[in-house]
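One chain is shown next in structure tokens, namely the form predicted alone.
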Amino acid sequence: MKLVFVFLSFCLLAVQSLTFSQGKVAKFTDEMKADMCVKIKAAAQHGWQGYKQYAWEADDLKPLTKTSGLWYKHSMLMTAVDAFDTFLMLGLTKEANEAKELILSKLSFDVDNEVQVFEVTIRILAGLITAYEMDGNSKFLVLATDLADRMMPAFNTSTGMPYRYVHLQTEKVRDSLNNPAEIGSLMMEFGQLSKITGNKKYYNAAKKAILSVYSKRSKLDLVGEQINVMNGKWVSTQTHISGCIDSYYECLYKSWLLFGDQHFKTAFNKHNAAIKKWLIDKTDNGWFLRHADMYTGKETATTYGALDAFYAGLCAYAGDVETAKHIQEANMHMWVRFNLEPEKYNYRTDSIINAYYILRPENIESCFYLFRATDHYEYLWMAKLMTDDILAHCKTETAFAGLKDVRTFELVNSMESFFFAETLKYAYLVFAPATAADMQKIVFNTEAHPFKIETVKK
């Protein structure tokens, strides 16, 4: 049956590719959009039901063994917090109420947990801020403020760049070797908390951190992938747009939209120009982005993957549709070349480096931003193919699971909370009416939690 599905998918892609190349894209009707929204809502309900049945009050569900998983000693309710605003946006009132009740009755940060500042910020702190903005219950804000206060000791370094880990009770910090993504991605959450509470300490700490990274850029306006937060020296000078750097660039642009602070726009513009000059590799299969040395621009690898796929969406969001469409062509090639996108791919040798797929959202996310920027049906067709692939190959009796190998569809015992926060949300919003997410009024953080903005800077 799987072979039949792969063959049909291949045929669909061939027809679509021919159509796109001829400049004639089949219409994606309102009825088709509505049908996709219904399927995605059902998927969210299916995944949540599995979590409720087998992993209630835990961080996440292990779908193959039907067991629960914890990130740390005590649950941070990762899935519930990450999923809450998605349920609201999808109109799943029952599920949203269940998540809300669990969070407000069980979530506490006065626990013996040493946490990774980045992951807890983009998932938990962001989710709580958004929950407060969308729901209005002040208990969400109390939780968000308590969590942020417990993580503030991480910023106590000579450079202002934070440690990677902090203990929520003892304030003990560790791991001074951090990276631009984990440092820069804190800006939106801590900044938004300052805007809501009026306490500038969160904004000031996060801004000092992200601009400290920017100040360490090379003369080519590129950054490396690992830096010592105590002395500001680069430990790894390899540059790219993948993990360890990716959301640093994303959050510079989005922080400018969110706060209107020109420092962020200036930094983004310099980096973005450098990325296009030094990293884009134009191939017959679209524009990929290489790895290089931050000081010389010399190519170090032709590795690309699921995380890199976000950059097409960021380019579209920032107004550069021309670059975005060529990168998305590469993203689509990577997806269909191996049934679903692999985690890492060598586009030069056309070979897989890491074959797993853990329900990542970035490719569908780029479809969302490109469709919003262009209204071109081709991005709906791309999103449909990706969504259908996920629902067909990752669905289990219990919920959804990642794939150990995209070539064989072998499942892995994991359903990350970002499947709810990002993958299902972006999949839904591609097809939903534009009013479901008014991009003049909100900005999504890197985990797709929407933050309210007062004005949009042009």
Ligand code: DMJ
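It should be emphasised that the depicted structure is a prediction, and the values quoted were computed from it without experimental measurement. One-based numbering along the sequence shown.
Absent from the display: the form predicted in complex with the named molecule. The rest refers to it.
Contact annotation for Leu307: at least one heavy atom lies within 4.5 Å of the named molecule in the model of the complex.
In the model of the complex, the named molecule sits within 4.5 Å of a heavy atom belonging to Glu362. Contact annotation for Glu422: at least one heavy atom lies within 4.5 Å of the named molecule in the model of the complex.
Shown alone here, Ser247 lies within 4.5 Å of the named molecule in the model of the complex, counting heavy atoms only.
Residues placing heavy atoms within 4.5 Å of the named molecule in the model of the complex fall in a single listed stretch, namely 115-123, out of 146-154, 115-123, 102-110, 293-301.
Phe418 is the sole member of Phe418, Tyr428, Phe400, Tyr51 with a non-hydrogen atom within 4.5 Å of the named molecule in the model of the complex. For the partner-free chain shown, nothing in 177-216 comes within 4.5 angstroms of the named molecule in the model of the complex, judged by any non-hydrogen atom.
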